[in-house]
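Take a look at this single chain, the form predicted alone, given in structure tokens.
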């Protein structure tokens, strides 16, 4: 009887309908993910990893548009996170400028960096296919737990040779798979990002294809066998509504297996996804 009376009251009372809507809003947590815009090495079709290359002119345009889409959606980030790589940092700057949110707190962490591609960094993707074969390169690029060949401390690509990582201890031989990328992304999400979401903050994360693949694998409970086929397009906002347990609330218009929703022209987004997929064809 009480439940029936409550439903009747909600239908008949504008005040109660508004209160119920506000309650629902307060219990929905918003997470905005943006992969950096096209970089100069994306344009040149090179394995980039932790090499600190800038955005291409197209990449700047992509993320300016991303910021405009976020603003048009009525989303206002309260706090921001990004990696220590300039293509993600610059992406975040553009988005925050377009949303009039450049004043909000920003935290940078190497744990949001792109996956380290080991000895593949700096190599042309198509030439690598020609040398090692399409199947082997696809395994290195998209498998869950098979890393590329390592680099040692004599390599310019070993992170111990960069000042920005001087406070971090890395093994003598280093490379990463998506699995080991998740091993660093997930603790940062749970310990640093999740508390901000649970406090009611709208959070934006500007990061990279593989650090975001790792994060959405966790959020959407994507199987290891399925994650190989998932590609995240550059410069395209991906918006998640999360419940109290920070599990996704599935939205209309999402592209499976994701439960978040990309903002923008859906045909163009699907074309960008195919563009990422075809980089080593």
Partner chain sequence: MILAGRRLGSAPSLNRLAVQHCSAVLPLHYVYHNPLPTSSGASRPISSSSKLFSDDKPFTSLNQNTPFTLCFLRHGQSTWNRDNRFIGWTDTPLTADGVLEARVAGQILYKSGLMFDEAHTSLLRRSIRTTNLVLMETRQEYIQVNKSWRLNERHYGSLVGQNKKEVVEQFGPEKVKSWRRSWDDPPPPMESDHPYWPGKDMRYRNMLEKIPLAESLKDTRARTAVFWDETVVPSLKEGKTILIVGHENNLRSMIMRLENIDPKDVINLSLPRAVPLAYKLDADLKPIPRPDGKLDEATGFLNGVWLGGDDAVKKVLERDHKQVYDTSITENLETGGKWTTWRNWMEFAIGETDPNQSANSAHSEEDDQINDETRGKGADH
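Positions refer to the first chain, counted from 1. All of these numbers come straight from a predicted model, not from anything done at the bench.
Below, we turn to the form predicted in complex with its partner chain, even though it does not appear here.
Look up in the predicted bound form whether residue 190 has a non-hydrogen atom within 4.5 angstroms of its partner chain, and give yes or no. Yes, residue 190 lies within 4.5 Å of its partner chain in the predicted bound form.
Wondering, does residue 52 line up within 4.5 Å of its partner chain in the predicted bound form on heavy atoms? Result yes; residue 52 sits at the interface with its partner chain in the predicted bound form.
In the predicted bound form, residue 224 touching its partner chain (heavy atom, 4.5 Å): Yes, residue 224 sits close enough to its partner chain in the predicted bound form that at least one of its heavy atoms falls within 4.5 Å.
Is there a heavy atom of residue 154 lying 4.5 Å or less from a heavy atom of its partner chain in the predicted bound form? It does not: once its partner chain is placed as it appears in the predicted bound form, residue 154 has no heavy atom within 4.5 Å of it.
Consider the chain as shown here, without its partner, and state which of 186, 119, 194, 129 has a heavy atom within 4.5 Å of its partner chain in the predicted bound form. The residue in contact is 186.
For the chain seen here without its partner, which of 252 to 260, 238 to 246, 30 to 38, 54 to 62 has a heavy atom within 4.5 Å of its partner chain in the predicted bound form? It is 54 to 62 that comes within 4.5 Å of the partner.
Heavy atom distance at most 4.5 Å to its partner chain in the predicted bound form, all of 147, 171 and 180: Contact check passed for all of 147, 171 and 180.
So which bits of 101 to 120 sit within 4.5 Å of its partner chain in the predicted bound form, heavy atoms only? Stretch hits, in order: 102, 103, 104, 106, 107, 108, 110.
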